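A single chain, nothing else alongside it, follows as structure tokens in the form predicted alone.
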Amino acid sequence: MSKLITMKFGGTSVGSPEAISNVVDIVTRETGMGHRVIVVVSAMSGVTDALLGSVKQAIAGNKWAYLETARKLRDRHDDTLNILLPPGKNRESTQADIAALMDEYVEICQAVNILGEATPRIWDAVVAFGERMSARLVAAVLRQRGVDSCAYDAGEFLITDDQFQQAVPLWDETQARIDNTLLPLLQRGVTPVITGFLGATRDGSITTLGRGGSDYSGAIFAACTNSDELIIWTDVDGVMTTDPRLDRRARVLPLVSYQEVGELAFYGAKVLHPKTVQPILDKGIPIRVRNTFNPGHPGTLIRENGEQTKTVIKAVTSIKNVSLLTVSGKGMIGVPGIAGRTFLASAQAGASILMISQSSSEQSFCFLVTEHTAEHVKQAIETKLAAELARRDIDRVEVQEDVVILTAVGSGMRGTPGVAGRVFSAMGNQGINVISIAQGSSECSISFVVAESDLERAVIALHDLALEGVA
């Protein structure tokens, strides 16, 4: 039976001629079986960082830096085409498309160089060139392999607001565009190769969905086309029980739930972007995470309902480069609004709060933000709560650095007594001090804070619990 499959390929999956050849093998295998495929691609690995760096150089007045970036990027994509395609119209027209994109890139950098600044709109326009070149390259190689394929900028279908660098999809307009333009292409047998990470405003200005947003793009296209499956192709075999760099015993999880993978993604697992699950929850579309470089491995299946394992805890993840802020004072007891105003100040400072914990006595509460925002957030809170600090309702706002968040994830925790006890006993047995604790209302995860120096020992001790009874 013919299926509609949305496949998203990350930067390493399209990062070299060999990798792109693997991508094309994967896609042609599916189209050869009669399935329709939507291909969503990231920029070649390293390209996005090069583009971001060149804008900074343009702002600084270094014309030669962005001209050199343009030359290197053009050469890299041309060399890839020369390796994968024989001489002919397909190769020449694709190289001309890439040359035109690089000319456009240089023009934008020239303007930035003259102005000495770049607006968020300009940043989005520049960073988009990576995906735009990658899509044209992959589509050309697919055509060479006999697949009717064409590259499309995502903004032709995915309409967003004008919040550049962190755009939000306009769902009704996006759905209408997909219904009217993308679905007819698929019905005609075209295999579209679409830029991940990008969208466009109603007037056609390019926007981005935030760093790592290509996974999110894949989910949006899968949801809006009612795909039978979304496959996230990456450079690992699937969702792992923990980071293999911290514990070599890490294993691939064959099955996890949407809720579990959402917790893992939010708390540091690098396999999926945290927003990926959102668009497809209501549709119940299964996600599979697979390895472009090991396509024979089945990967991890993500669906609405996971399965409870004997160990209850399925996976352990961690977030580094965070800071703990503590607001404390005996005068806080029974005073309404202090927490609300604190979090409002944090939001106004541009910080996303990763975890919150409060003492039962109401004399203090603490929360975590990314390391680079911590001092700015502290200053914003002190400004917002200046009156409370002056009359000593609040004694201090403190920042503690060199900490990490550890999270144990597993839907089987819900209703299973003693899980938290086992987690913290494991920490105690290793002599690891737990600084702060939080458990989500879903009871799918337990998060806590330890010193960064204890990270590896803590992960291994927690991972022992996930591996108990596993051969």
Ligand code: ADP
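For every residue, the number given is its place in the sequence shown, counted from 1. Note that the structure is a prediction, hence the values are computed from the model and not measured.
Omitted here: the form predicted together with the named molecule. The next part is about that form.
### Query
If you check in the model of the complex, is Asn113 within 4.5 Å of the named molecule, heavy atoms only?
Asn113: no contact with the named molecule in the model of the complex.
### Message
I'd like to check something about Gly329: if you look in the model of the complex, is any of its heavy atoms closer than or equal to 4.5 Å to a heavy atom of the named molecule?
### Response
The answer is no: Gly329 has no heavy atom within 4.5 Å of the named molecule.
### Message
Under a 4.5 Å heavy atom criterion, is Arg249 part of the interface with the named molecule in the model of the complex?
### Response
Output for Arg249 is no: heavy atoms all beyond 4.5 Å of the named molecule.
### Query
Taking heavy atoms and a 4.5 Å cut-off, does Asp162 contact the named molecule in the model of the complex?
Output for Asp162 is no: heavy atoms all beyond 4.5 Å of the named molecule.
### Query
Taking Val239, Arg245 and Lys270 as a possible spot, do all three reach the named molecule in the model of the complex with a heavy atom inside 4.5 Å?
Yes, because Val239, Arg245 and Lys270 each have a heavy atom that approaches the named molecule to within 4.5 Å in the model of the complex.
### Message
Partner absent here, but in the model of the complex, which of 392 to 400, 329 to 337, 229 to 237, 70 to 78 has residues with a heavy atom within 4.5 Å of the named molecule?
### Response
Of the stretches listed, the one contacting the partner is 229 to 237.
### Task
Select from 120 to 137 the residues with a non-hydrogen atom within 4.5 Å of the named molecule in the model of the complex and write them out in sequence order.
Not one residue comes within 4.5 Å of the partner.
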